[in-house]
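Given next, in structure tokens, is a single chain: the form predicted on its own.
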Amino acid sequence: MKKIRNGIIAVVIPVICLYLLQCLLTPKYATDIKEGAMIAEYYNSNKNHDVLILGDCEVYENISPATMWENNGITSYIRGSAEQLIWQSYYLLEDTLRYETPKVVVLNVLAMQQAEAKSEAYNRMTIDGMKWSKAKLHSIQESMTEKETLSSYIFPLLRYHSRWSDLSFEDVSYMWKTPNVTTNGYLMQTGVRPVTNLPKAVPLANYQFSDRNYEYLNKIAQLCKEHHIELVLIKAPSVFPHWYDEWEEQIQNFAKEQGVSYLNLAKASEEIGIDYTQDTYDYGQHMNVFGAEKTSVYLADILQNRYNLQDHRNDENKQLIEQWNRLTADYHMERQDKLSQAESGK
């Protein structure tokens, strides 16, 4: 028995030490590069969302679930991440369906023009925060660049063991839990950098979306049909990067063939009420909070009217109303704090 006990101790103690080291060395993304913390936040949310929104920065900076609730009583969550690829959106949808079945899935289509993963850093910001499942494993396998290994995703310590020189107080404070950096997936921006000029659109040698992107866009459409979910494709409002007519035609054709909706919100900017001198924080690539709120009101009206989404603000479920009222109160507090800091020059 003594030998057995000593053997167990000899195995357990090193495993615990390695686990603690991994918790310490893995990036927390709490104050810097917040995009890396967003995917994991979903698992702590209440799973009562009528609308799931997938895509890259054109959704998590351009759409505000708090605004959709305040104006329409729609419950929504954005599972967005930096440079989210179409196949990553598919596996995030698969992952989400393990927890809930939304009535509507909104997918931003900008990523259709990106045929390959750009870098490990972007992969990590989408994949590391996912809980382990077949969806995560498949997303890793589909996304890995040449220098990445599956083992470094299974055991993040293999990837981050050299972060000793980068450690900060944040790494210790948030070893076990990282504070939320978004409001239901919306990453608030309050700066104002107006559009001053538009870069000329450079002609491309090939405008055709890749076969792999079409494969996964089809898989998203099929998965939604299997679960009786309405799929809505959108192109978020922006003036840059350029969205070519050839890309627009391909998305329109796909939507028609699949019998799903497609909304080009970039073309609807004037109808939405977007002012590119006030409503963007980075010269027209993404919306600040003013532009995001306008976009959210416009999109929520369409979704509610087209798909008969319930207005939950007078719901019999008082707990849901209280939850969302707390969420919107926190949202407005963050909004006011950030705007006050901007006005004071901090």
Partner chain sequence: MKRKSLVAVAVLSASMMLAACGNAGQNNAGSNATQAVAQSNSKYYFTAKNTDLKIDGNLTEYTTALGEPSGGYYEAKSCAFDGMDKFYTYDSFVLQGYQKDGQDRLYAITLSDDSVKTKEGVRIGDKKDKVVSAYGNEYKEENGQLIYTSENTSLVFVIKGDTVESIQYTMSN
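Residue numbers count along the first chain shown, from 1. Worth saying up front: this structure is predicted, and the values here are computed from it rather than measured.
One more form of this protein, predicted in complex with its partner chain, exists but is not displayed; see below.
When contacts are defined as a non-hydrogen atom within 4.5 Å, all of 33, 57 and 162 contact its partner chain in the predicted complex. Its partner chain in the predicted complex comes within 4.5 Å of no heavy atom belonging to residue 244. For the chain shown alone, residue 333 is not a contact residue for its partner chain in the predicted complex, no non-hydrogen atom being within 4.5 angstroms. Of the heavy atoms in residue 235, none are within 4.5 Å of its partner chain in the predicted complex. The closest heavy atom approach of residue 253 to its partner chain in the predicted complex falls outside 4.5 Å. Listed stretches are 267 to 275, 219 to 227, 196 to 204, 70 to 78; the contact stretch with its partner chain in the predicted complex is 196 to 204, by a heavy atom cutoff of 4.5 Å. A heavy atom within 4.5 Å of its partner chain in the predicted complex is found for exactly one of 158, 181, 115, 144: 158. With the partner omitted here, the residue from 137, 175, 192, 121 that has a non-hydrogen atom within 4.5 angstroms of its partner chain in the predicted complex is 121. Contacts of stretch 2 to 18 with its partner chain in the predicted complex, defined by any heavy atom lying within 4.5 Å, are made by 5, 6, 9, 10, 13, 14, 17, 18, listed in sequence order.
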